[in-house]
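Just one chain follows, in the form predicted on its own, and it is written as structure tokens.
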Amino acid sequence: MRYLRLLSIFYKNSILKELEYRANFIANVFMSILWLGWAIVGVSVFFLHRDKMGDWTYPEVLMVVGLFTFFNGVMEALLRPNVGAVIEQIRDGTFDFVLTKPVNAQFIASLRSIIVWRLVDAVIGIGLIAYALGQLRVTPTPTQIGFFVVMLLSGTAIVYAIWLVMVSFAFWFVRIDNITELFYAFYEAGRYPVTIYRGVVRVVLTYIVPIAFVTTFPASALLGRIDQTTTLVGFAFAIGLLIASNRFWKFALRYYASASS
């Protein structure tokens, strides 16, 4: 409860800062909607020439695009601003103030700030999923919804773990812009179902940079294409990544050269 109270204070301050410039907030929301529309246009152009993308129909691919947009919103709202702040603090030595606070350093370093308008991406992503289900005239069963929720939570945990590992590299390399851009290059492949890729590319996107667990598998859960075993494997994989990323973070902290030594 203590950490929840801290989060409420952090995010309240972030919201108040965003609302100081309301016109900017509205403009950014409009841009989020515009970019989603552009992504839908790209998918629509493909389906003007083909009936399916792999074994996925147009509304089913829209579900994957919706999940891609949802997680992009989560990353841009919660992870990118905090990662950027940690990099700057490590560079100028002010990360000392994070380590000396009477709270978990990983918690405050990775979740302290939020860019509120970016959460619009998450909302419209869920809206696109609902629209696609309507187009399919599919009503997921309670079991499918349960699998979807588990896979959504697993995807969130996986994304968080990957970003935590990336920010941990800053203790050695200081600037990790190239690493984050490399991740986004892989993440762009998740805009479409991972099952359309073949060979090494599919293996990489499933197990090395597990984008499949973020976009494709949650959509498959709503469509009844994955079973309980796959869902549990995805959940266990996410927990394993969270534990591994936490260990790596603690290991990296030993190499922090503070301003005060």
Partner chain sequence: MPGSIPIRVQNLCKYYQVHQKEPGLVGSLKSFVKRKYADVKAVDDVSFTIDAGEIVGFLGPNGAGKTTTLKVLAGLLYPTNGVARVLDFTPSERRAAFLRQITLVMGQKQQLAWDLPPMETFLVNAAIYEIPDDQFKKTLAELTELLELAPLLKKQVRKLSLGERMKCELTAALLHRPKVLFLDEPTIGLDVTMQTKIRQFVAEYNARYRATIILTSHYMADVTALCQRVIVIDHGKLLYDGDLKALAEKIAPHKLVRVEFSQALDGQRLEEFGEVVKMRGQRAELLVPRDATSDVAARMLAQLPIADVTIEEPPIEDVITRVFEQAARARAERGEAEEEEE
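Fair warning: this is a prediction, and the values are worked out from it, not measured in the lab. Residue numbers count along the first chain shown, from 1.
Separately, the form predicted together with its partner chain exists; it is not shown, and the next lines address it.
Undergrad: So which of Val149, Ala130, Val103, Val123 reaches within 4.5 angstroms of its partner chain in the predicted complex, heavy atom to heavy atom?
TA: Of Val149, Ala130, Val103, Val123, the residue with a heavy atom within 4.5 Å of its partner chain in the predicted complex is Val103.
Undergrad: Thinking of Trp117, Val138 and Gly224 as one candidate spot, does its partner chain come within 4.5 Å of a heavy atom in every one of them in the predicted complex?
TA: Looking in the predicted complex, the three residues Trp117, Val138 and Gly224 all stay beyond 4.5 Å of its partner chain (heavy atoms).
Undergrad: So, Asn246 and its partner chain: in the predicted complex, are they within 4.5 Å at any heavy atom pair?
TA: Outside the cut-off, so no.
Undergrad: Looking in the predicted complex, any heavy atom of Thr94 within 4.5 Å of its partner chain?
TA: Although its partner chain is absent here, Thr94 would touch it in the predicted complex, with heavy atoms inside 4.5 Å.
Undergrad: Report whether the minimum heavy atom distance between Ala257 and its partner chain in the predicted complex is within 4.5 Å.
TA: Yes, Ala257 is a contact residue.
Undergrad: Spell out, yes or no, whether the shortest heavy atom distance between Leu153 and its partner chain in the predicted complex is within 4.5 Å.
TA: Output for Leu153 is no: heavy atoms all beyond 4.5 Å of its partner chain.
Undergrad: Enumerate the residues of 16 to 48 that have a non-hydrogen atom within 4.5 Å of its partner chain in the predicted complex, in sequence order, or give none.
TA: Residues within 4.5 Å: Leu16, Lys17, Glu20, Tyr21.
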